[in-house]
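Just one chain is shown here, as C-alpha cells, and it is the form predicted alone.
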Amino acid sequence: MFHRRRLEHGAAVALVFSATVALGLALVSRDAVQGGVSLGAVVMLNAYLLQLMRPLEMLGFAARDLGQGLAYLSSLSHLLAQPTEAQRPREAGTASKGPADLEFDNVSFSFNAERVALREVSFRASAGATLAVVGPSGAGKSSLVRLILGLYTPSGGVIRLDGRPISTLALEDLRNQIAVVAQDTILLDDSLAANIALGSAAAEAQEIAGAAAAAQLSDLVALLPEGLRTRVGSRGLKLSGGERQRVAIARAAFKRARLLLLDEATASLDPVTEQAVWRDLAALGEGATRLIVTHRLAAARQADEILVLDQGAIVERGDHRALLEAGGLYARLWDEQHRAAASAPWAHG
C-alpha cells in the first residue's frame, strides 16, 4: 500500500511539473510568434524553468515523503491502541514442584462461527508422562498449544494445571511453568548466552553453561571464538538448523519448566539431526511432563499415549502399537508417511 501511494505521489508531482513547463513554453512561444517577446526572452524563460525544476522536484518529493510518514504513523498509532493481554490477579499460595499435571476437560475453541478449531477435547497428561498429539494439517494441534499458553481462551470447557483452572492463574505464573520448543526458533542478534537466558537479566554464567551442556552445545561453544559470548547473527544465521534447535532446548533447560511443549520441534531438520535432537529432548524432559505436538508420527511413537486429532476432535487414542493394530486414521497416516519416505529421492541414493 505504501509503495503504491509513493508511486502515485511521484506521478502526480511529475504530471504537475510537466504541465506547468508545457503551459509556460506554449504561452511564451505564442507571444514570440506574434512579436510580443524576442527569441532571447524565450531562451531565458527556458533557462529559468530548468533552474526551477530541481527545487520544485525536491519540494514535491518532500511532500510525498511527509504523506508517507503520516501513513506509517497512522498504522503505528492503530497498533499501539490495541489492548494488551488481560492481566489476571495472582492467587495466594506457593507454586507446585516437580512435573505438572495437565488436564483438558471438554475443551472447545473456535476463531469464529465458521472456523471451529477444537470440539469437546478431553485428555489428561499425568505428572511426568509423555503425551503426543498427532493428526493431519488443520486438525487443531497448534490451537491446543496456544490454549495451554493462555494466548487464547476456550469457548467451552476447562483446562487445568495441577487441578487448578489455568484461567485463575496469572499469565506470568502460568508461563513460568512452561517451556516451548517450536519448529521455528527465534534468535536475537546477540550472544549465545543471551539467547539461552532470554528474558532473564540476572542469569549466572554457570547456569547458562549448564543449560548449554544439557542441550549438547558444549562442543559448539568450544569451537566458537568467544564461547558463549559469541554473537549468533540476525535470526541465528551463523548457526545451523540443528544448532538453533539445541539453543531452544538449552532455553528450556535453563528455565527448568514443569511442562515441556514440543510443537513440531524437529519438522525442519534432516533425519540424522532430528534423531540427535530427540535424544537431547528426551534427556531434558525427564523432570517434566512432555506434550509432543507433531504431524510426524515417528516423533510420537515412544509416547506413553498418543492422541489422534481430526477436524478438532480426538478420534483415536492409545499407544503406537495399539493404534497400528486398530487400523484407523493413525495407521493410514503411518503407512502414508512410510511410503513417502521410501519413495523420496534420497532414500535410493
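Keep in mind that what you see is a predicted model, and the values were worked out from it rather than measured. Start at 1 with the first residue shown and count on from there.
There is also a form predicted together with a small molecule; it is not shown, and the following applies to it.
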Tell me which of 158-166, 205-213, 133-141, 172-180 has residues with heavy atoms within 4.5 angstroms of the small molecule in the predicted complex?
133-141
Consider the chain as shown here, without its partner, and state which of H320, R290, H295, R64 has a heavy atom within 4.5 Å of the small molecule in the predicted complex.
H295
Only hit among I249, L261, A117, V121 for heavy atom within 4.5 Å of the small molecule in the predicted complex is A117
